[in-house]
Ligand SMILES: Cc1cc2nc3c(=O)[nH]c(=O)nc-3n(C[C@H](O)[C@H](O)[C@H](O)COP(=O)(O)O)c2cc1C
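Given as structure tokens, the chain that follows is alone and in the form predicted on its own.
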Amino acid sequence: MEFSDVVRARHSYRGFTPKQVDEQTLREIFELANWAPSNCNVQPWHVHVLSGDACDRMREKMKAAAAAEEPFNPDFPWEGKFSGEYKERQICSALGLWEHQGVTRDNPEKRAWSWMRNFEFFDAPHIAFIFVTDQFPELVRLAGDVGMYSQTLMLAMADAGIGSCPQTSVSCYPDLVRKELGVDSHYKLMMGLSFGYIDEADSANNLRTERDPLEATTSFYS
């Protein structure tokens, strides 16, 4: 596709078919993502890609932890809340998703189902966990590098006809992920990325969030 089409086509999909992406395509996508920019070219991302049975085992463990309401212990906790225009955008996005999922505010069981879908990886046959090492003191710079890597990865997927959904929700259980994958504690889980072929029958995939006009976010000087 044209680059502009790829950028506009990419969005968070929340419903996938069981069909797996073949290994060659997987390797091509992740190799392309490795060309993402990073501060001083340190390339701080450490990525673990789970497919098939490995993905299913992790899915079941995540679902069990969430269903048991095990306490969250993210490596990068965030205690703040959105406010003002940022809060408005968050609410609009959440209500839009609920509308497409058939969720209403007065139905706590359906809301709980919607939340649990995160830990089911939206039925995706693949998930990637993106870690960074704790040897870097400048975590803000790391977050920027991981953001650039993740966007490059998702655009490469979109160009290959593969849907994706970036998920910070799955980083709520980093110890579970490290234990299952045998990852050293020096590696901190920043985010997950569920991906696969899109389930066109899942109405959640019809959600399209809006973007503010350019004038609201960008200033030009000459």
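C-alpha atoms forming the largest set that superposes within 1.5 Å between two forms make up the rigid core. In this text, all values refer to a predicted model and were calculated from it rather than measured experimentally. The first residue of the shown sequence is 1; numbering continues from there.
Absent from the display: the form predicted in complex with the named molecule. The rest refers to it.
The candidate site formed by 12, 118 and 168 is fully in contact with the named molecule in the predicted complex, as each residue has a non-hydrogen atom within 4.5 angstroms of it. Here is the short version: of 93, 107, 152, 73, the single residue with a heavy atom within 4.5 Å of the named molecule in the predicted complex is 93. For the chain shown alone, residue 98 is not a contact residue for the named molecule in the predicted complex, no non-hydrogen atom being within 4.5 angstroms. The named molecule in the predicted complex comes within 4.5 Å of no heavy atom belonging to residue 24. In the predicted complex, no heavy atom of residue 206 sits within 4.5 Å of the named molecule. Although the partner is absent here, residue 19 lies well away from the named molecule in the predicted complex, with no heavy atom inside 4.5 Å.
Note that among 168-176, 29-37, 61-69, 42-50, the stretch whose heavy atoms approach the named molecule to within 4.5 Å in the predicted complex is 168-176. For the partner-free chain shown, nothing in 20-50 comes within 4.5 angstroms of the named molecule in the predicted complex, judged by any non-hydrogen atom.
Remark: with the core as the superposition reference, the CA shift of residue 82 between this form and the one not shown stays below 2 Å.
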